[in-house]
Ligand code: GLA
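Only one chain is included here, represented as structure tokens and corresponding to the form predicted alone.
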């Protein structure tokens, strides 16, 4: 009852506050890095500085990554006497604004984590419940650019109301902050969060394992109509480089996220990447599919057992096609490029485009496919993809 009364008081007090989100943010899916997948609770000022430096030196920044996001465990155990959120001084001795300034000095943007409930998920630090406007003002004063807002310790809370309250608080604070809704898909945020956040989780947490990753892909198959510039479905952060999958599986993971127009938030140790990991995460041709300004999420055009065809419409009447072998054995597929160019989400009537008006690029081989024959046989190793782009001549 006390929590309900508190919520009502907050709602009434801020009844006249501006009720909208910043609309000119995340016009393409956000790209960046987050501490959680690799470092979990082990976060510190030194780690964030090291990762920001590595984002620049590794070529990640040049490839489009810009947000450096601290996940859970940066806050102190309690709030102060005025209810202000405190920083864990042992691990962040100079405070959060110091880190934000450092990251901004690198030409990057800074992100932080909190939770819609009374406590955060992993470290049980103070959540944002009942302190939304206070915290939003604090984040604005620290010059935060991105807020990931989780969904733990939210007993009897309504997700839409809770996230809308934080949206209003961020807008009232006066600083444009990308709002990442991390509700895990339980309340179907794709149906209501377009007016609330800039991206929303559609699934539970990712696990660095092939079967777990591909299961998240399956959950996106009916969600393409809910995504667009400024509002994105989020199947969770990337696991590329963390060791639980093979290089081919990581290529597939990255390719599918780009076909889905998903946020590309890396979660590995940027300071110790193998050449293979760097090649995957900085493949600008595949990233361009994700970042295409048309903002269309890809869809599964054909599902035939372990073989799938994914299609993503791109600007300038171009198209990306991903051939996916989910199986454990190599497949040799007969590929009709003319048919793929004409394929669309309605199946019929076919797209009127003509293959002779396009070049076909293999985005992992970085070369043009010779079109002496429109139908060719293509070998796809297990758990692998072929990704093509139809480029207007």
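Because the structure is predicted, anything quoted here is derived from the model rather than measured. Positions refer to the first chain, counted from 1.
There is also a form predicted in complex with the named molecule; it is not shown, and the following applies to it.
- In plain terms, the part of the chain that comes close to the named molecule in the predicted complex, with a heavy atom within 4.5 Å, is 115-123 out of 115-123, 318-326, 102-110, 301-309.
- Residue contact with the named molecule in the predicted complex: residue 205 places a heavy atom within 4.5 Å of it.
- In the predicted complex, the named molecule lies farther than 4.5 Å from every heavy atom of residue 292.
- When contacts are judged by a 4.5 Å heavy atom cut-off, residue 88 does not count as touching the named molecule in the predicted complex.
- Contact between residue 240 and the named molecule in the predicted complex is not found at the 4.5 Å heavy atom cutoff.
- Site annotation in the predicted complex: the residue of 213, 193, 266, 182 reaching within 4.5 Å of the named molecule with a heavy atom is 182.
- None of 167, 253, 201, 198 but one reaches within 4.5 angstroms of the named molecule in the predicted complex through a heavy atom, and that residue is 201.
- Residues of 146-167 placing a heavy atom within 4.5 Å of the named molecule in the predicted complex, in sequence order: 148, 150.
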